[in-house]
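Have a look below at one chain only, the form predicted on its own, in structure tokens format.
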Amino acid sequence: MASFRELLAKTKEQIREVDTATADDLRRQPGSVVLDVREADEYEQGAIPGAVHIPRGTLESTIENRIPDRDALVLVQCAGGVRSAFAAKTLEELGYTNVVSMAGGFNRWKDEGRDWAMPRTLSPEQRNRYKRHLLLPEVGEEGQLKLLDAKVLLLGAGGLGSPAALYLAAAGVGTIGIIDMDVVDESNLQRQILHNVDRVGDRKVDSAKKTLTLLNPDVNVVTHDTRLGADNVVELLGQYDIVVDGADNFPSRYLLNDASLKTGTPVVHGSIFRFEGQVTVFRPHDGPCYRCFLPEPPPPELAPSCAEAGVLGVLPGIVGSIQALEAIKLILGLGDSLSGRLMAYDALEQSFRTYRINRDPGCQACSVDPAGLVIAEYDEHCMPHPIQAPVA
């Protein structure tokens, strides 16, 4: 039976091990990854900048999601070079082809005065709040920090904006902007779950901020009690990473589309009608835009508003929740977004169908240089306006 020292010596014979100076050179190579396999309390005391942190105990179950490229140069380090050696051997057994263990570990690295920093980590309270996220290898602490750094603008604090805002806030999206110039009406409460009877007559943005702040104090809720228009849409979108579109009229949707193309801001679009809902994602110049999907609005008689045609109260809860999910996927870079696809939900059939949306190479919006887009107001019938600046 081999002793620990014998096992360690045998392992080091089977792996590639380098000193700290060589490791410092290797980490600067394009595509290389520094993997820190120390425990969380060690990592929090200092780490090599940019290192991917995976405690040795969860390496096998986590590595494929955190470092999917098995041919990447992976430089493994721990405190003294023991755990990194065993981790390097494990990675080779998992199919990683270019793995190196750093002799002496972080202790020697730090003693030699090499580059290190105090990593940004979650507080104990945040670790508890987001525990279920941290258990997901695809999210983890790194993903949760991305969520806390993200800025999402909600167009509307109504039926779609309510569930989207609640789930984005609960997930820990750090900044949530809400644009709405309406007040809470009793007829809203059938579906707009951000509000309650005590707030009838209050500004919707103020009511929304109260609800979201009580749900998660980590979230900074920024209120925009104003009308979305050509004079402010570009400035507003420029402050955020993603827009969740809960607009209920075509002028706002076309205005938002044109501005998003100019600012490069992705839009998570949602719409509802009676018992049906739709969701898609418009990523500027990386897939179709709203005008590719709907070049011109349908006649008013074929597209009545919810105030005219009605809507089942729970429907926006489903559609708005899917919008929140798509926004979170964009923030984390997870899965396949609905860009280029329209998800249609029928509540009566309890069915989902997905349709392909193709980009129009002749689209009057996304086929032109963003600098040439003119952001214009649209009337209630959304009559076509020239949106490309005239060429001199």
Partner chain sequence: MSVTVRVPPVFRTMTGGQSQVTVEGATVGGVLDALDGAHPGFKDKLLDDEGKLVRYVNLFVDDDDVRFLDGLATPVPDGGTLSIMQAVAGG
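Numbering follows the first chain given and starts at 1. Since we're looking at a predicted model, the values are computed, not measured.
Keep in mind the form predicted together with its partner chain is missing from the figure; the text below concerns it.
Pick from 109, 250, 96, 167: which residue has any heavy atom within 4.5 angstroms of its partner chain in the model of the complex?
-> Going through each option in turn, the one that passes is 250.
What is the one choice in 292, 171, 150, 73 with a heavy atom within 4.5 Å of its partner chain in the model of the complex?
-> Looking at 292, 171, 150, 73 one by one, just 292 meets the 4.5 Å heavy-atom criterion.
Tell me, please, which stretch of 75-83, 257-265, 231-239, 159-167 lies within 4.5 angstroms of its partner chain in the model of the complex when heavy atoms are compared?
-> Checking each option against the 4.5 Å cut-off leaves 159-167.
Partner contact for residue 276 in the model of the complex: its partner chain, 4.5 angstroms, heavy atom | Yes, contact at 4.5 Å.
Interface membership of residue 344, its partner chain in the model of the complex, 4.5 Å heavy atom rule | Residue-level check for residue 344: yes, a contact with its partner chain.
Taking heavy atoms only, is residue 60 within 4.5 angstroms of its partner chain in the model of the complex?
-> No, residue 60 stays farther than 4.5 Å from its partner chain in the model of the complex.
Check whether residue 225 has any heavy atom within 4.5 Å of a heavy atom of its partner chain in the model of the complex, and answer yes or no.
-> No.
Is every one of 296, 354 and 364 in contact with its partner chain in the model of the complex, taking contact as a heavy atom within 4.5 Å?
-> Yes: each residue has a heavy atom within 4.5 Å of the partner.
Using the arrangement in the model of the complex, list in sequence order the residues of 258-274 with any heavy atom within 4.5 angstroms of its partner chain.
-> Counting only heavy atoms within 4.5 Å of its partner chain in the model of the complex, the contacting residues of 258-274 are 270, 271, 272, 273.
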